[in-house]
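For reference, the chain that follows is the form predicted alone, supplied as C-alpha cells.
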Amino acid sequence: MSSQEMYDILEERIDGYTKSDTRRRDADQRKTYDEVFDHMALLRIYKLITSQVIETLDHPISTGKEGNVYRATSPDGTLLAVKIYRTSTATFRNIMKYIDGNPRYRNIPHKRRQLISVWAKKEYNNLSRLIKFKVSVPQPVHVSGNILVMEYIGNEFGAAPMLKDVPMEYPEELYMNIIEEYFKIYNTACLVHADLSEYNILLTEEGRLVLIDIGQCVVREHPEAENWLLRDLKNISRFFVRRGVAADWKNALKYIKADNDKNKFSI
C-alpha cells in the first residue's frame, strides 16, 4: 500500500485529522498536534486499524505534557482509550528515576524515542499485573511503541471524571475504598503506585473507583519505593482531609503494612 493510501485511510478513521487541516491550525495547536501525530505514531495507528485493534480514533479525552488520551472504537463497537505518549517532550527527563533500580528493567536505552516506548510497555505491564491481582485499573489491550490501548472508563456520553471534580456524598467511603485498593497494590501485586492523587483516580457513575496513569508504578524492592508509598498516602489523605474526612496517612500506612486482608480499612 502506498503512503497516500495509508493517509487516506487515516483521514477517514481519525476524527478531525486531515493533512490540510494540520497546516491551517494556529501555531500552538499545530505544535501540539504534530507532537502527538508524528509520522511514526500515524504508522502505528494505521497498523492498529489494519490489525483490527481499533476501527476509529474518535476524539481527545485528555491532554497533558506527557501525551494525549483519545477515545477509540473497536471493530465490534467497544469503546477503548488510546494513550499516545509524545516523543518530543522534555517531560520524560525524570522518568529514569522510576526505572533505575527496578530489577524488572535492565539495560534501558537512553535515547528518548526508545525510552518512551519502554515507558509505554512498562505501563502496559503494570496494568496487566494489577488486573491479575484484581486492582481496579483499566484493562490493557495492546501496546505498540509509544501507543497504549486500554479499556475506556466512562460511557458513550463521556469519560468518567477525575476524583477532584466529583461532588462527594460519601467521602469517607471513597477514602476507605482507595486505601483498600492500595492494600492490594502493595500486598498482592507487590507494587507502589508512586504518583497517587485525586488527578489519577476516576469515578464512574456506578461508583467504581479506577486508578489510572500507572506507568510510574515500581516494585516494592525499588530503593525509593517506601518514600513514594508515604508520599502517596500523604497526598490522598490530605485531599480527603480538605473534604472533611478524618483521613490519617499513618493509620492508612499501618493498615497496609499489616498485610491482613481479613479486616476492612476503617477511619
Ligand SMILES: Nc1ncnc2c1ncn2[C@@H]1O[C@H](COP(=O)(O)OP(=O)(O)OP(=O)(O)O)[C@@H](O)[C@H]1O
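Throughout, we count residues from 1 along the sequence that is shown. Everything quoted here is computed from the prediction, not taken from an experiment.
Although it is not shown, the form predicted together with this ligand is what the next lines describe.
- Using a 4.5 Å cutoff between non-hydrogen atoms, residue 152 counts as a contact of this ligand in the predicted complex.
- A residue is said to contact a partner when one of its heavy atoms sits within 4.5 Å of a partner heavy atom; residue 166 fails this definition for this ligand in the predicted complex, lying far away.
- At a distance threshold of 4.5 angstroms between non-hydrogen atoms, residue 99 is out of contact with this ligand in the predicted complex.
- Shown alone here, residue 242 lies farther than 4.5 Å from this ligand in the predicted complex, counting heavy atoms only.
- Though this ligand is absent from this view, in the predicted complex it lies within 4.5 Å of a heavy atom of just one residue from 235, 56, 200, 204, which is 200.
- The contact with this ligand in the predicted complex, taken as any heavy atom within 4.5 Å, belongs to 162 out of 115, 131, 190, 162.
- Here the marked residues 61, 81 and 212 all reach this ligand in the predicted complex, each with a heavy atom within 4.5 angstroms.
- Using a 4.5 Å cut-off on any heavy atom, the one residue of 120-141 that reaches this ligand in the predicted complex is 138.
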